[in-house]
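For reference, the chain that follows is the form predicted alone, supplied as structure tokens.
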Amino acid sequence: MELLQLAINGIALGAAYALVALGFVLTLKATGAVNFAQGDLVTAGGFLAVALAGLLPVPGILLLPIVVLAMAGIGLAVATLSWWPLRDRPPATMFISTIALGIVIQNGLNGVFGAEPRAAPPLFTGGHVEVFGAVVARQSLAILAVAAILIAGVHLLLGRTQLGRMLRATAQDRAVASALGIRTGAMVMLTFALAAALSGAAGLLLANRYFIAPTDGGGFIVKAYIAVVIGGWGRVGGALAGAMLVALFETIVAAWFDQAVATGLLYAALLAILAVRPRGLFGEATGRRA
């Protein structure tokens, strides 16, 4: 029963990581560069939820739409500052600009809220429920349910709407998409907004059960990066699966040993996977794109 409880908690954590990894991949495919501020947007979403909770003493589920919309706006600001002026430069330029922007976000949060970890309100009322004999926190199940709804929403947006088709066309080949009349610049900006909204939602989901500090952004971007590498570089489905594997590994190993051992073994497992499967567990064949 203890293993089942750990597995459920790990899946809930993986669902939140999956939101971050999904935003990571969307931005990567749209720009060809890694947005290293993605992890700091998670912490920004968490602290936004903390600030809103001080003004609106309501459950986290009611704060979630506000956080998502506000973070989408912040995503547009990130794109305006870190991508738009540099959109014709090599990808390494965006690496540097997003790292710098992430540092600005981190220090801004530290200046406003202080360095101590903070907690956002739970999505619903607290307590525990029994699942097949294992006692599981309601918050873990709520995280899993909300993340699943958000991921399904993104899937429907990308697969069933005209806007989604334009976003995917821009990600596949910006030059061809532009020749077809798609405003590719606007599509990339929207991708940043969507990725930031997902990261902000993850921040709210994580800030209650796991707490959040201004310096946590680096850890989140590393977890997302590992999930994307394990899942196959640039593959959306692989990134989601990779996020689940990372969280399950981290949760179970940390319960048996401690967090430091779990982190060290996670990096060791990553190196082992890359040695055997350089394109990741779900990597695509050379020359193909997801």
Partner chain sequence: MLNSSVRRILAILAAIVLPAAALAEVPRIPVLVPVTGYLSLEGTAQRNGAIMALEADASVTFEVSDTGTSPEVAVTAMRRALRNTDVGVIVGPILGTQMLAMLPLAEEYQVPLVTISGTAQLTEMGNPWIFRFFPGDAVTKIAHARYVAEDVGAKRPAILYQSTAYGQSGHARLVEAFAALGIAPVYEESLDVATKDMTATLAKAMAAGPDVLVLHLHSGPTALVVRQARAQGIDIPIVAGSAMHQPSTAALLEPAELKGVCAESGSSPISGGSPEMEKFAADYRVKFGNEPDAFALAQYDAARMLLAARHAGATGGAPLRDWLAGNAFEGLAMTYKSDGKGNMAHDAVIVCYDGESRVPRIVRRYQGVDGGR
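Owing to the predicted nature of the structure, the values given are computational and were not obtained by experimental measurement. In this text, rigid core is short for the largest set of C-alphas that superpose within 1.5 Å between two forms. Numbering follows the first chain given and starts at 1.
Not pictured, yet referred to below: the form predicted in complex with the partner chain.
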**Prompt:** Do residue 51 and the partner chain share at least one heavy atom pair within 4.5 Å in the predicted complex?
**Reply:** no
**Message:** Please tell me whether any heavy atom belonging to residue 107 falls inside 4.5 Å of a heavy atom of the partner chain, as the geometry stands in the predicted complex.
**Reply:** yes
**Asked** Is there a heavy atom of residue 55 no more than 4.5 Å from a heavy atom of the partner chain in the predicted complex?
**Response** no
**Prompt:** residue 215: heavy atom within 4.5 Å of the partner chain in the predicted complex?
**Reply:** yes
**Message:** Let me test this: is every residue among 31, 155 and 233 within 4.5 Å of the partner chain in the predicted complex, going by heavy atom positions?
**Reply:** no
**Asked** Thinking of the partner chain in the predicted complex, which stretch from 64-72, 218-226, 23-31, 237-245 has heavy atoms inside 4.5 Å of it?
**Response** 218-226
**Message:** Using a 4.5 Å heavy atom cut-off, which residue among 148, 100, 115, 92 comes into contact with the partner chain in the predicted complex?
**Reply:** 115
**Message:** For the stretch 181-217, I need every residue with any heavy atom inside 4.5 Å of the partner chain in the predicted complex, listed N to C.
**Reply:** 208, 209, 210, 211, 215, 216
**Cα displacement of residue 264 between the shown form and the other one reaching 2 Å, rigid core superposed** = yes
